[in-house]
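Just the one chain here, laid out as structure tokens, in the form predicted on its own.
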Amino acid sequence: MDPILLLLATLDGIAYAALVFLVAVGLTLIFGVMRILNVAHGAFYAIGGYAAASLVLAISDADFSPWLSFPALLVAAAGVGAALGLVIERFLLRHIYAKEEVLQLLVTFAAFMILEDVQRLVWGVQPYSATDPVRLLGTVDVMGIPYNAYQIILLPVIAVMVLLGLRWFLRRTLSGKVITAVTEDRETAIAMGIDARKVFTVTFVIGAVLAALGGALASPTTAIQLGLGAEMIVLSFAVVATAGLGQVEGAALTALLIGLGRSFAVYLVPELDVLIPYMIMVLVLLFRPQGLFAVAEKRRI
């Protein structure tokens, strides 16, 4: 393989892995604490993308400084994640925590389908894209080839910041330790006076915000359109299953593995680029059904 193509494939894979990680880590955090596989997670990603693109376009139409598009991405992600996370957790999931896993899966799938229709009603069927952030950061020279600084610098930096921030939050703060306690032994934590419902609400909102952040950061480089949420949730499930359910650090490494695998497939065997992530998942699960980083004795986040 040509060295330039090798480098470009690596950079593409890292940028793609950063977005996948943001969605997958929210999904695995929710499962680690609440033991719910949230299919509606993909809708948070898509709506975060739609909201971010709409806000950036509104800033442009109003002739405000285009640099406001960067905080707009964060504002859109926080608003979508907090609003949808609170509503779905309090009025839907709270009633099915003690139910069978199949029912939980069906309920979150129903929520996903409803949110898909909401996207169609609010934004229609035309794709949305807001390229101001990419244009403002310009390009960097990679072996004589211009490459978007947004993808090569901003996306990986934010993904690393989220990973380090989650590690610090879960291990160094009181709220994080409470979440970890509920994850490790819910019954004992409740017996010690911890309000598990409040922990569930906080965890679900954090996961929803992370998914929406992934969509918001994708909006400058990807056409946000119907079906994007379904594609991302399936890929995120592949990352989470390959890493092991409930593994935060493992999700980061697995997202990188799958992102690089998909990127190299695009350059080498484009006919298989969609299949590669799932082929990696199948190969891993054949030899380690619990995932690459899962610990058999107990759950971890």
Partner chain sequence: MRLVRYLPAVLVLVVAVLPLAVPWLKIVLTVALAKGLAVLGVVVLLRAGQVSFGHAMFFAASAYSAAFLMQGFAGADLAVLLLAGMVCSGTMGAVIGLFVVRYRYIFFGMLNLAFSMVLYALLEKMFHITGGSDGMAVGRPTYLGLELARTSFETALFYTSLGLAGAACWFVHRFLRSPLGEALSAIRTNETRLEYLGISARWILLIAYVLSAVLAGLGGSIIAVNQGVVTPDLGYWIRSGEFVFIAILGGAGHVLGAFAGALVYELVRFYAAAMAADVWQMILGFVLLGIILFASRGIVGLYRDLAAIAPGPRGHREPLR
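Values in this document were obtained by computation on a predicted structure and should not be read as measured data. Residue numbers count along the first chain shown, from 1.
Same protein, other form: the form predicted together with the partner chain, not shown, and the subject of what follows.
- Taking L68, L268, V274, A58 one by one, only a single residue has any non-hydrogen atom within 4.5 Å of the partner chain in the model of the complex, and it is V274.
- In terms of contact with the partner chain in the model of the complex, the residue from A83, V118, M161, A223 that brings a heavy atom within 4.5 Å is V118.
- Only one segment in the set 205-213, 151-159, 100-108, 176-184 has any non-hydrogen atom within 4.5 angstroms of the partner chain in the model of the complex, and it is 100-108.
- Across the proposed site, L92, I96 and E231 without exception bring a heavy atom within 4.5 Å of the partner chain in the model of the complex.
- When the partner chain is considered in the model of the complex, F264 lies well away from it, no heavy atom lying within 4.5 Å.
- Among residues of the shown chain, Y50 is not one whose heavy atoms approach the partner chain to within 4.5 Å in the model of the complex.
- When contacts are judged by a 4.5 Å heavy atom cut-off, L257 does not count as touching the partner chain in the model of the complex.
- Contact annotation for G227: at least one heavy atom lies within 4.5 Å of the partner chain in the model of the complex.
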